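Heads up, the chain below is alone and in the form predicted alone; it's given as structure tokens.
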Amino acid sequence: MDVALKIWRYDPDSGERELRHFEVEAPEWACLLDVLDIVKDQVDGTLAYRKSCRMMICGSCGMRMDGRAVLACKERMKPIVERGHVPVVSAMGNMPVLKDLVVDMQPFWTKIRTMKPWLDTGYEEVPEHGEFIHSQEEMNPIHKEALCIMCGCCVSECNSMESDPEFFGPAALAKGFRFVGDPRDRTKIERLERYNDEHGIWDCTRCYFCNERCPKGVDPRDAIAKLGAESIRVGIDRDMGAKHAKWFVHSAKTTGWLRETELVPKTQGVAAAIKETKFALNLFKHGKVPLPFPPHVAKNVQEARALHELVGAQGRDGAAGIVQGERALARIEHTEHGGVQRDAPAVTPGEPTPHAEG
């Protein structure tokens, strides 16, 4: 098949960028990485990009196609050719470009190291049976985070990093939960204190682009939510983001709604609320703020309260509640008629296996 694509070239010596058009012949099974290989081998040997395994494992070939981060080895070109579309390929975002499609990953690795990405078990003596054993069920909470291949696709699309380059970023924080959620690690509190930095957990804007672009289903935003929930569970709630989350839950539990008029005083304090009086009055004048008294209570608020009590009774507060939700969502699928049906075996890893009858 004849494949056309445009590639943003960058010359580090001159600092100039140029959008170059290429047309090559490629086999129908070709992925974007195959096409780049053909361009480099047959058209322009100076084209620079990274690659290694070609099997979506190493994470080397991260780049943007039409403005979205992808793994070049994962993107099949035949459907694109059949649509008559000419994709634009460029380097990933939020990292300095070294040449063409190659970015400097040093800032990425610096933030990964900030997470202390190694187990701190605190083991002093080996038990008599010779090893420490943890069940599959205990390890399940970090299953998704352990899938990360460090490709940087999530970092490329992170809005928070674009506005605050010091933000730890989705990849680093997902790696952080991989150790916070590991039952073998003994430094959870120290880690959570570190991750609650002003550029840490609560600096995330919750845009979910990292979840959308992750090629391995790690869902970094969900990992950040787990870190936030676990921080609140153990009492690390000094950040304004944590206070906002706590009030949101309390408001939903008591009335079934988010009470906006009380949000600023409960989150930022009374002094900050007074400073926003003029703004609040303007909102009220345009019908954007309801009267604080009497508080509006949802018709079936008892359902919200019952759900909150159930989670507490099950001991599913903190990250455990989010993990439980992930497992539930992973076992159903939406049908074309709007319903849902089970889409997984009756038993998932870590669940008790029912005894066979007979």
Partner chain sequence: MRVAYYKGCLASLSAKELDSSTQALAPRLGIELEELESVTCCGAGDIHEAEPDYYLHLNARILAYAEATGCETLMTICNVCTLNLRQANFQLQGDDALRVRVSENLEKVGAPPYGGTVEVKHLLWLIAEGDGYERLKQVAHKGLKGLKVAPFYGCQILRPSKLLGFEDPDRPWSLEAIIEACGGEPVDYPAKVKCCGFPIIQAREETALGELIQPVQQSIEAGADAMVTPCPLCHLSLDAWQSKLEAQTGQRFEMPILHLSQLVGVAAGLEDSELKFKRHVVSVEPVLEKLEAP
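Treat the numbers as computed from the prediction; the structure is a model and nothing was measured. Rigid core (definition): largest C-alpha set, two forms, superposition within 1.5 Å. Positions refer to the first chain, counted from 1.
Missing here is the form predicted in complex with the partner chain; even so, the following discussion is about that form.
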### Task
Would you please decide whether D44 lies within 4.5 angstroms of the partner chain in the predicted complex, comparing each non-hydrogen atom pair?
no
### Query
Do C53 and the partner chain come within 4.5 Å of each other in the predicted complex, heavy atoms counted?
no
### Contact of W109 with the partner chain in the predicted complex (heavy atom, 4.5 Å)
no
### Task
Using a 4.5 Å heavy atom cut-off, state whether I201 contacts the partner chain in the predicted complex.
yes
### Query
Hey, of 267-275, 99-107, 177-185, 125-133, which bit sits against the partner chain in the predicted complex at 4.5 Å between non-hydrogen atoms?
267-275
### Task
Answer with one of N211, T114, S90, N140: the residue that has a non-hydrogen atom within 4.5 Å of the partner chain in the predicted complex.
N211
### Query
Does the partner chain come within 4.5 Å of a heavy atom in each of D219, K288 and L310 in the predicted complex?
yes
### Task
Between 153-180 and the partner chain in the predicted complex, list the residues on our side with a heavy atom within 4.5 Å.
N159, S160, E162, S163, D164
### Task
Kindly check if the Cα atom of M240 is displaced 2 angstroms or more between this form and the one not shown relative to the superposed rigid core.
no
### Query
After superposition on the rigid core, does the Cα atom of M65 shift by at least 2 Å between this form and the one not shown?
no
### Core-aligned C-alpha movement of L283 between this form and the one not shown reaching 2 Å
yes
